[in-house]
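The form predicted on its own is given below as one chain in structure tokens.
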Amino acid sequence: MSLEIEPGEVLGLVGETGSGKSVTAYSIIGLLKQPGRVVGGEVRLQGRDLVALAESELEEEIRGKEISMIFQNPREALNPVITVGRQLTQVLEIRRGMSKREARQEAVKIVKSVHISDPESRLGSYPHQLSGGMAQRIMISLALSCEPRLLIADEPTTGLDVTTQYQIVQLLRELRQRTGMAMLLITHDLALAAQICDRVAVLYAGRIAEVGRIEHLFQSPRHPYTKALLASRPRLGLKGDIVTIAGNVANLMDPPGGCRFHPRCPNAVSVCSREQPALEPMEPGQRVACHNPVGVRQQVAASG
């Protein structure tokens, strides 16, 4: 796969569970767990190949400073035996060279910026004393503490109630506007992607099926998998059962030949099982990897 993120842009990476979204995120920042490893390719941040850097360089120069990450489960990412305030001030002392007093003042300021009331009191709490939404806000505070160029948000609303999900989404939108940082949002929730992303890359079985601006993908999806994902969303006015995608997710230990979606694809033709399609430009403005794409909606094509 090949992804590009511009400064200040929010790129969504969507797909089913097991499609490779989180693995992609961990590869970018060098946090793949063994036996996982990067065996080829490049990860370039402003011309610098992060794959070629030593672990010590990644730790000292990139993680937290240039690229930060919000993890799926903040309770697992936070140290359970240290107060959240101390975890935040440690980052500021080590990464930004602040004194303890300066770090404390900055920590209060950062926690206020993510709309946590009574920040002095909250900084004295341990992770288990926080609600899910509060723990996620603290996680966001840690990620923002060194003012990164790129924020990777790995399913930041997983496990939260609908009201808290909305609050976290609004917070991410506000932070993007205020800081100008780029963001890679990893999610299986297309509605979430629609609220915050500029562009979306649709991932299936480790390969990009379609990528383009959010309005193009939603108004006129060209890849059959993108169309099937959109059709499977629960929505107001839906009568009867939710539409499902036939078949099973591809086995990445033994993936099908050619296009990996072809065993489940209603548009499959003979070439699909033999050749992997290239990611090519298509109307109304996205790039699609498909030998027999879904027809473009004429009213969208006419309007551009």
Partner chain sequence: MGSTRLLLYAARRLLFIVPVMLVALFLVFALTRIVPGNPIDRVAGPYISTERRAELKHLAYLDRPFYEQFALYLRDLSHGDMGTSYTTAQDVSKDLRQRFPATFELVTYAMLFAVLAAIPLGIAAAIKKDSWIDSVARAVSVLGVSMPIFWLGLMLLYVFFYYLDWLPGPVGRTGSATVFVKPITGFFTVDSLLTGNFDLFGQVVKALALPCFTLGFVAMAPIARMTRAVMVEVLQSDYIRTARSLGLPFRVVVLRHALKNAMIPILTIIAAVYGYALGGEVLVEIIFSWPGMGQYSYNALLSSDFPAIQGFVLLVTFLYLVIYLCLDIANAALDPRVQY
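These numbers were taken from a predicted model, which means no experiment stands behind them. Numbering follows the first chain given and starts at 1.
Missing here is the form predicted in complex with its partner chain; even so, the following discussion is about that form.
- Just one listed stretch, out of 105 to 113, 204 to 212, 80 to 88, 178 to 186, contacts its partner chain in the predicted complex at the 4.5 Å heavy atom level, and that stretch is 80 to 88.
- Interface residue remark: residue 101 is not counted as part of the site for its partner chain in the predicted complex, having no heavy atom within 4.5 Å.
- For residue 49, no non-hydrogen atom is located within 4.5 Å of its partner chain in the predicted complex, even though that partner is not displayed.
- Contact between residue 143 and its partner chain in the predicted complex is found at the 4.5 Å heavy atom cutoff.
- Taking the partner from elsewhere, residue 64 is found to have a heavy atom lying within 4.5 Å of its partner chain in the predicted complex.
- Contact with its partner chain in the predicted complex, defined as a heavy atom within 4.5 Å, holds for exactly one of 31, 279, 268, 45, namely 31.
- Contacts to its partner chain in the predicted complex (heavy atom within 4.5 Å) from stretch 94 to 116: 94, 95.
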